[in-house]
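Listed next as structure tokens is one chain, alone, in the form predicted on its own.
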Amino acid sequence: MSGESGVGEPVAVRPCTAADGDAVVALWAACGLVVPWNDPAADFALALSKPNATVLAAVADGRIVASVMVGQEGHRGWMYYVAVDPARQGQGLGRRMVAEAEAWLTAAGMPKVQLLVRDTNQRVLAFYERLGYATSPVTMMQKWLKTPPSP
């Protein structure tokens, strides 16, 4: 999982460790992916604690510049928190992280991958469409099992 980002210095992609938590959560916050009802540090720790999930990080000059949380539930794969340092956007790192997550899921035997895009993050839809993703003909439903914090 290493190589070039296509622009700039070499970028290596590797699985995260617990020591990466603060840097990854800071990246997610810088990218506007953090909301009051999801605890990103808890999400990060949960992904690392399960054998069917991980967080992948792109590292350049010793610093995490992109990430993706990826997991599978036995039937399909999921991607969350696809993030690229705002100063590094437009260099192919988002595409790279999606490809790394897809490879991880393919190795796990998953036939498809899904992701959710919040209505407030519409600008990323074109990015995913360019990568071959399409809107699914399904309705996502949810039920809070505990009261979420107010936004």
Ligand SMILES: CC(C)(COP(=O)(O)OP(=O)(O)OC[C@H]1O[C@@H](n2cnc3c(N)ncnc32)[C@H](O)[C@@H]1OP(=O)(O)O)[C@@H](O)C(=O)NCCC(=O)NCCS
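All of these numbers come straight from a predicted model, not from anything done at the bench. Residues carry their position along the shown sequence, with the first being 1.
One more form of this protein, predicted in complex with the ligand, exists but is not displayed; see below.
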property: The ligand: the contacting residue among 41, 108, 124, 34 in the predicted bound form [heavy atom, 4.5 Å]; result: 124
property: Residue 52: touches the ligand in the predicted bound form, heavy atom cutoff 4.5 angstroms; result: no
property: In the predicted bound form, residue 128 touching the ligand (heavy atom, 4.5 Å); result: yes
property: Exercise: residue 117 in contact with the ligand in the predicted bound form, heavy atom 4.5 Å; result: yes
property: Contact of residue 56 with the ligand in the predicted bound form (heavy atom, 4.5 Å); result: no
